[in-house]
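A lone chain, given as C-alpha cells: the form predicted on its own.
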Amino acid sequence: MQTTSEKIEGMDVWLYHGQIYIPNTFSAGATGSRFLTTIRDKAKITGTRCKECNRVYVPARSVCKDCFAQLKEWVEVSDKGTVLSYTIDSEPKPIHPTDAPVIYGIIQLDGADTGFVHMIGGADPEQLRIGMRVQAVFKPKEERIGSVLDIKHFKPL
C-alpha cells in the first residue's frame, strides 16, 4: 500500500492513508498483575470471589459486575473446566499466537462462575463439542513471562 496524505479542503485536517506503527504498553493493574504473576510463577489459576454474591471471577477482577462490591478475596480454581462455546478460525492472521487453524473457547473452570476465553489445542476440530472437558497446558516455567499466553492452551481430557 502506498502511503499518501491529503489535506481536506476548508479544514485544518490531514488524512493519512497507510499504516502507522504505534508501540504501546498495557498495564494490567494490581488485580490483573496478580492474576498473571500467579500463572507465571506458580502455574496456578486464581480468581476473585465476591463476598456479597459469592460469585468467583476468572480472570480475576477488582469489582463485582453485578453488585459493584470490591473483590478482595483471592481463590485458586482448578486448571480443568468445561467448554461453554468455541469457534474455529482457519484463516491465518499475524495476530494469532499460533498457526491456523486456531480454536478459541470460552471455558468455565471448576470453581469459577464465569467463562475464561483461551485457545483449545490438541483437539480434532471434528470432535469439539459444547460441554467437553479440558485442562490447561502451561508453558515451561523458563518460558513464562506473566502473560495469559503462559497458558499454552487447554487440551481435551
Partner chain sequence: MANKVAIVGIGQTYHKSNRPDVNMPEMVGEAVRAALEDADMNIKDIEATFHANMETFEGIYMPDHIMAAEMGGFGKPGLKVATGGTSGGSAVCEGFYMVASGLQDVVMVVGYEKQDCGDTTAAITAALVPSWSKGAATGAIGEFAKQALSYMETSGAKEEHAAMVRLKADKGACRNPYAHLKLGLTSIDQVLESGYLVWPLRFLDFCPQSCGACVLILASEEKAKKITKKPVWLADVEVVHQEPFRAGTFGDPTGTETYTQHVACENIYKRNGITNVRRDIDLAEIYEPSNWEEMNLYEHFHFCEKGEGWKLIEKGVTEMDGEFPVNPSGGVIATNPIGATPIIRVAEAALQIRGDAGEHQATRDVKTALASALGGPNWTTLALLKREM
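Since we're looking at a predicted model, the values are computed, not measured. Numbering follows the first chain given and starts at 1. Here the rigid core means the biggest group of C-alpha atoms that line up within 1.5 Å when the two forms are laid on top of each other.
Just so it is clear, the following notes concern the form predicted together with its partner chain, a form of the same protein that is not shown.
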Only one of 57-65, 118-126, 95-103, 39-47 sits within 4.5 Å of its partner chain in the model of the complex by heavy atom distance, namely 57-65
Answer with yes or no whether I20 is in contact with its partner chain in the model of the complex, where contact means some heavy atom within 4.5 Å. yes
*asked:* Taking its partner chain as it sits in the model of the complex, is S90 near enough to touch it, meaning that at least one heavy atom pair lies within 4.5 angstroms?
replied: no
Quick check on I130: any heavy atom within 4.5 Å of its partner chain in the model of the complex? no
T31 near its partner chain in the model of the complex, any heavy atom under 4.5 Å? yes
Residue shift check between the shown form and the other one, rigid core fit, V13 Cα at least 2 Å: yes
